[in-house]
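Below, in structure tokens: the form predicted alone, a single chain.
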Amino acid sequence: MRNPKKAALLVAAMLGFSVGAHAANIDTSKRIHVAMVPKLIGLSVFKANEKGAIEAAKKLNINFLYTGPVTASAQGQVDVFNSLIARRFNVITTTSNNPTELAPALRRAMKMGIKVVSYDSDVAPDARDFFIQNTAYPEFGKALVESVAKYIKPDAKIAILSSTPDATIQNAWIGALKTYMAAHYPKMTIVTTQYGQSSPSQSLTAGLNILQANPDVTGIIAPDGAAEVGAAAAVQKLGLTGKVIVGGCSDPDSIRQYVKAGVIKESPLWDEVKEGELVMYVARLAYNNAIHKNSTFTAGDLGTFTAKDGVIIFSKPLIFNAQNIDQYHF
């Protein structure tokens, strides 16, 4: 191309940068349609993601839709995806109830030119362009174990209360916590693993069942927002505060009363609102073809992130406790 200025502008446009702007800027000239599909609507941690996504969408010229099934159902998510594909959304973002069941619909979306970004709980890697992983799994496994291990005996019996048997992220965390526990607390025993279906009421029932069937359990690790609330409520209901320690991960608003009551001593998570913002930045950059499977990018005030084989780590674990929980509201 003979015109150097025209060539530079063309390259900038191809990379997804605003023409005439600094390369750090994001091209938002075209309004795009982006959907966020959580495991289920109504759960507080996903509502926090939505809050952040809405704020970022305003900055990024995104027409944003938050939609999903009312229960933690893989088929429910697939039905939503099929509707979004029919409506020709530009980007679908999702946290998965089941990595394999969701894959065919998402692969079909990708074949039609729709970008797919998973976050929190991954889908099959060939069924998405990028995955935003909350934290590195080994670090989070350690944080989950330590949320109870610091406060019980090293040979204690504990239980796990998770979401669903097929939940990608919970299974990854459980694998990581077992590895860490074996190395650092080899005498600690997991006596049972139960599931609350990401429902506070079902998690409460499961928590009561765990404690009534296993009176020697002194710790419950609940790596799910609803499960941690259900487990803590079960401990209180049975009058076991101070005798059974609950740890896990949930948003600060949901667990605040249990932290202040001493049922939960520590609860690792991350800033769910800011993660929702990052999901929208990645969605916009993916649509612009401005990030690649192995690359570094800037997401506004959130800072700089690195994609490695399509996986983007959001943050280190953020530990909520009685001293700091009132600093966070989501």
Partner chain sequence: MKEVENTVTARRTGSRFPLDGWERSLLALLVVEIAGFCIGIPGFYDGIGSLLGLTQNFLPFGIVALGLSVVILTGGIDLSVGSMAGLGAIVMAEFWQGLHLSIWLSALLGVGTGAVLGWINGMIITRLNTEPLIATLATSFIYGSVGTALAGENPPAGFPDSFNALGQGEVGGLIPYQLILFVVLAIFFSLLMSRSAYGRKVVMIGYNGEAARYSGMRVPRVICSAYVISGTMAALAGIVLASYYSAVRPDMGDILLLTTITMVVLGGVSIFGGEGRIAGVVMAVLLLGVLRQGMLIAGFSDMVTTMVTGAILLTAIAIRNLVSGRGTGFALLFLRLRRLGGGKVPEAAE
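Small disclaimer: the values here were computed from a predicted structure and weren't measured. Positions refer to the first chain, counted from 1.
As for the form predicted in complex with the partner chain, it is not shown, yet the points below apply to it.
Looking at Gly113, you'd find every heavy atom of it more than 4.5 angstroms from the partner chain in the predicted bound form.
Within this chain, Arg108 lines the site of the partner chain in the predicted bound form, having a heavy atom no more than 4.5 Å away. Interface membership of Lys187, defined by any non-hydrogen atom within 4.5 Å of the partner chain in the predicted bound form, is ruled out. The partner chain in the predicted bound form comes within 4.5 Å of no heavy atom belonging to Gly219. Only one of 150-158, 97-105, 115-123, 131-139 lies within 4.5 Å of the partner chain in the predicted bound form by heavy atoms, and it is 97-105. Judged against the partner chain in the predicted bound form with a 4.5 angstroms heavy atom cut-off, the residues Ser295, Ala307 and Lys316 are out of contact without exception. Applying a 4.5 Å heavy atom cutoff to the partner chain in the predicted bound form picks out no residue from 191-214.
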